[in-house]
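One chain comes next, on its own, written out as structure tokens in the form predicted on its own.
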């Protein structure tokens, strides 16, 4: 490199530094105001994530402060264990069915609440109640409803003649997850309905009036106007619900504690059991790291759709 090129590089570097200093001098107030938030987030979010990732490479009993570096051993044990894949299937089943039903029910409720019906304000408020109740309390209510001897569920099914003897829904490993998922759907559907309702109210009424003039039926209007206009909202709400359902702990733990025979355990439930019941913090951290990687994919997807959806909305 010639002396001229060196001098040109020095000049460009000096120019970059001067611009950066000038920019910070002009915006130091903004950075000073957000610094406490950044420090707080680093303390309560970034540090736990980094500590969990570090712990995943150690053997760390809960009852001891001694940690032994084991490299990838925890991950090797997890990926070679057939139960891990059963756990992933149970988690996927839990998330897929719950989010699908919450989305469809939420959309159905939102469409009807968007109509000019009597008592609309009351119904809009009433539908929010399940979402406002603490999850653990809702789970206790559903556990009581599904109780085999005194619960409402068995009484109704017997009355309708659908069953000829009482069934213990939460005690049967093959169907216990359905009992827990019913509670999660009851809790999560109001959020989806409110989000969809807000999206419906942003659709211009002129579109429906023009379609009605052209002779389009309500189903045609719903398919070709409502769904396309609501698409960004549906995508964002569905992805948010997917993340929240994936990390859901309260409902399953309160109703079944992951049983019977671990048939209702999800990845989050198993992380808690491994770390705090079995006392293996290193293995629990490895499970958490895998769950973090899965959620990171959802988060990136959510942010990309949110940015695109924000422009369209």
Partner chain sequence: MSIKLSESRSSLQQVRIYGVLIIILGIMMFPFYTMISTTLKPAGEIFNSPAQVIPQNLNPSAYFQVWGETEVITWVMNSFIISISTVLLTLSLAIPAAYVCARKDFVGKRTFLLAVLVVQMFAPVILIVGLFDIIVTLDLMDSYLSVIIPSAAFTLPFNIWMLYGYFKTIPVELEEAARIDGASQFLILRKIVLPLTKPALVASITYTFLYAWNRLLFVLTFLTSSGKYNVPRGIFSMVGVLSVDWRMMLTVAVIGVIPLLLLFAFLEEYIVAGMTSGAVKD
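Owing to the predicted nature of the structure, the values given are computational and were not obtained by experimental measurement. Basically, rigid core = biggest C-alpha set you can superpose within 1.5 Å across the two forms. Numbering follows the first chain given and starts at 1.
Only in words, not in the display: the form predicted together with the partner chain, which the text now covers.
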| item | value |
| --- | --- |
| Residues 69, 94 and 178 all lining the partner chain in the predicted bound form, heavy atom within 4.5 Å | no |
| Interface membership of residue 191, the partner chain in the predicted bound form, 4.5 Å heavy atom rule | yes |
| The partner chain contact in the predicted bound form: residue 149, any heavy atom under 4.5 Å | yes |
| Residue contact check: residue 272 to the partner chain in the predicted bound form, 4.5 Å heavy atom | yes |
| Contact label in the predicted bound form: residue 174 to the partner chain, heavy atom within 4.5 Å | no |
| Selected contact from 78, 167, 141, 88, since only one has a non-hydrogen atom within 4.5 angstroms of the partner chain in the predicted bound form | 141 |
| The single option of 155, 227, 220, 162 touching the partner chain in the predicted bound form, heavy atom within 4.5 Å | 155 |
| Displaced residue check between this form and the one not shown: residue 293, CA, 2 Å or over, core reference | no |
| Residue shift check between this form and the one not shown, rigid core fit, residue 29 Cα at least 2 Å | yes |
